[in-house]
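Only one chain is given next, in structure tokens, and it is the form predicted on its own.
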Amino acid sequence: MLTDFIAQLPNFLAQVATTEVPVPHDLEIPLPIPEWALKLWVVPVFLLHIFFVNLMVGGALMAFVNEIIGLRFPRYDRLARCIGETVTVNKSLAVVLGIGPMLMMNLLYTIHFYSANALTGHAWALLIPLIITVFLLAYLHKYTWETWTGPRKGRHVLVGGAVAALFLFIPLIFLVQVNTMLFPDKWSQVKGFFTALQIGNVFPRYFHFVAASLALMGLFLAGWFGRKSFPVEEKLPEFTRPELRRHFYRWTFWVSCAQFAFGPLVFFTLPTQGITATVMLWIFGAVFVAILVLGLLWKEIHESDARIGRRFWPIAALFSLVVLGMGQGRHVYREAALAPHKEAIARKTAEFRSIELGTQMRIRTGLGAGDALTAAPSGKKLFAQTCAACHAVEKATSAPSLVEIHSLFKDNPAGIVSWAKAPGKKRAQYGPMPPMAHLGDDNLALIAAYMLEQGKGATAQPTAAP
């Protein structure tokens, strides 16, 4: 159960300092839907969430910057207010749409997700109070625009700055958590949020995210203020509709140009174990489309007032393809980067399961759970601890007798070892044998020699038909 895992997580993490690459066993809990379906939907659902996160963060930053400019040029204060009105709406959509990808990440990467949560420490625990605080401040900033004027304007600007700062800090916590998931070999070095900041390429990814938020918000506002239904003459009489479009097109263009510096910085600071041909195909495909977007933006910026805006929807469609390519590329990278550790977890889970089944068999036959293996075990003791619950010398019980095993493998002890590591099921009267690969080839060889020795010369006893 998930609650059991969370309860045991502190004990597991306490062992991290003495283990170079912690490999816990997995939680064998069935998924509510097939894994392939979760992986199919996790990228589009996450991108829908991050779209509104980008608008929320970019909007808070733009509102704050324009309000400061508005202290000297009042028309930008009114523009800042119109931008600020979108922030509270976008943050609500970001929160609601964040539930889906959060649950999917929990299901697909349970061990990595909750381990990263615990390792990032107090910062992760502070997310809820921080989110509540910034939401209240965002509403305070929005609804005091008309009343906090004159001598109180400075207070209003400070609230806007606090909103922008918190909206910048909260995604950093999420980014550090997601980044920590990718580096189980570094978990022993993590002592909390600030040490987790030093793992991987946190800051290049963060700058890339902030730039993406500003670029996306610029494109959004070019369409939002440029649409025919927006009352420019009423809300922003000092601006014209083409001027607003051009202003925010410039935001998107120049910040997107900066992404051609941030993007390679992110790529070249990624650990190489997750970089595959598929990852590069997605990322460089997105880069190619981004170049097309820049070309269309440049044409729009230099278009006449009468024709500006005609390329908005093609730009938005191509921009969406860029985001999809980057999102899918990161997902493919995450899968490739975690594949070795997930395989190690699968092996550990199989070992844990075989030990559990073996112990259950021993208890059911009254032999007890068994003692821990000694440093130099003998074939006799290993057999007693792991095999005697099912295998008797002369009589077949819940598994073949040693006499029968001798008849099958008398000249092939290696065959016993191979079978024990990956047993199959050949006879209906016997239950499935748990794999014993966790014992290792040397211990299995000792067991095989002991079984053949005991089965030699003994006489099989008849058993009742199943």
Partner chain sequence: MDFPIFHLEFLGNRMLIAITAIIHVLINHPLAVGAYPLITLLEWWGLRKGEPAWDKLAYRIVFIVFIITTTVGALTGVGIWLTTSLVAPFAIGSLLRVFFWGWFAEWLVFISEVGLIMAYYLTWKRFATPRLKRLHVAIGATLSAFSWLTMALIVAILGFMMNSGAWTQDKSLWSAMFNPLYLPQLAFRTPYSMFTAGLFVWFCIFFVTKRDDPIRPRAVRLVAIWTLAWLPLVVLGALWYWRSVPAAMQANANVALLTQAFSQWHGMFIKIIGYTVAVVAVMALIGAVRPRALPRYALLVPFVLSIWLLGHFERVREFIRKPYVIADYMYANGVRVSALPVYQRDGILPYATYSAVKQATAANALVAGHEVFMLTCSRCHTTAGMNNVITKFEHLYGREPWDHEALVGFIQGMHLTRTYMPPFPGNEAEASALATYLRSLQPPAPAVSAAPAVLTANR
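Positions refer to the first chain, counted from 1. Here, rigid core means the biggest group of C-alpha atoms that superpose within 1.5 Å across both forms. Just so you know, these numbers come straight off a predicted model, no measurement behind them.
The same protein has a further form, the form predicted together with the partner chain, not shown here; the description that follows concerns it.
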Problem set entry | The unique member of 339, 292, 265, 96 whose heavy atoms fall within 4.5 Å of the partner chain in the model of the complex | 96
For this session: Tell me, out of 247, 381, 205, 241, which residue has a non-hydrogen atom within 4.5 angstroms of the partner chain in the model of the complex.
Result: 381
Exercise. So in the model of the complex, are 187, 359 and 432 all sitting within 4.5 Å of the partner chain, heavy atoms only?
Worked result: yes
For this session: Name the stretch: of 75-83, 293-301, 316-324, 110-118, exactly one has residues whose heavy atoms fall within 4.5 Å of the partner chain in the model of the complex.
Result: 110-118
Problem set entry | 4.5 Å heavy atom contact, residue 141 and the partner chain in the model of the complex | no
Exercise. Taking heavy atoms only, is residue 149 within 4.5 angstroms of the partner chain in the model of the complex?
Worked result: no
For this session: Consider residue 279 of the chain shown here, and say whether it contacts the partner chain in the model of the complex, taking contact as heavy atoms within 4.5 Å.
Result: no
Problem set entry | Close approach of residue 408 to the partner chain in the model of the complex, 4.5 Å, heavy atom | no
Exercise. Since the partner is left out here, which residues of 125-159 would have a heavy atom within 4.5 Å of the partner chain in the model of the complex?
Worked result: 125, 127, 128, 131, 132, 135, 136, 139, 143
For this session: Please say whether, between the shown form and the other one, the C-alpha of residue 435 moves by 2 Å or more once the core is aligned.
Result: yes
Exercise. Does residue 419 move its CA by 2 angstroms or more between the shown form and the other one when the core is aligned?
Worked result: yes
Exercise. Superposing on the rigid core, do we see a C-alpha displacement of 2 Å or more at residue 399 between the shown form and the other one?
Worked result: yes
